[in-house]
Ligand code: HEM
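For reference, the chain that follows is the form predicted alone, supplied as structure tokens.
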């Protein structure tokens, strides 16, 4: 990709979220709003992950120093959790149709391990493959579970109204959901780095037509009708 000839984006393209320069054969994959929301969710997750580790076990309590004081960290953690849930809800509400499972997704899942080992990727019909769709729906479940269990143990607002046994069960479920989410996001990051061009799509907003044809031919056909080659 280093030898691509770049051209300035037109005013219309900049309005829709393209970077200021782009290859002539580029097609938009993510708008500015989608990218900003994605990175805001990612930032909130990092804050929650670090503060959650510090609250989970004394071995990680030193991480609280990064928040100024342990008290501030305890106050900040649940508020950032609510912010993440709100941001992700707004993001997910716009994407649910693109994340409905299609017949081709089953074939993609069967060939996913081979793709990681270097074989050709199974073509998909939609904007997202089955792995991305699984990540989308699991994030909805995990964030909802973390939000509900987090509210049940949120001092001083809600926890005093919840029986001790209920708070203990909520804490265990909260930790399990957090661990599953950690594993899922780890896989998500690995897959984004492995699939060349994916990180750039979420930082600049565009992918090349060759990338789109190879990874998402069905989506590319729709986009090429909307954005014909210049």
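All of these numbers come straight from a predicted model, not from anything done at the bench. Positions refer to the first chain, counted from 1.
The form predicted together with the ligand is left out here; the points below concern that form.
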Might residue 86 be said to contact the ligand in the predicted complex, defining contact as any heavy atom within 4.5 Å? no
Any non-hydrogen atom of residue 45 within 4.5 angstroms of the ligand in the predicted complex: yes
Contact test in the predicted complex: residue 187 vs the ligand, heavy atoms, 4.5 Å: no
Any chance residue 128 has a heavy atom within 4.5 Å of the ligand in the predicted complex? yes
Sort through 146-154, 67-75, 103-111, 129-137 and report the only stretch with a non-hydrogen atom within 4.5 Å of the ligand in the predicted complex. 129-137
Of the residues 173, 36, 183, 202, which one places a heavy atom within 4.5 Å of the ligand in the predicted complex? 202
Is it the case in the predicted complex that 41, 192 and 198 each bring at least one heavy atom within 4.5 Å of the ligand? yes
Does any residue in 91-110 get within 4.5 Å of the ligand in the predicted complex, counting heavy atoms only, and if so which ones? 91, 95, 99
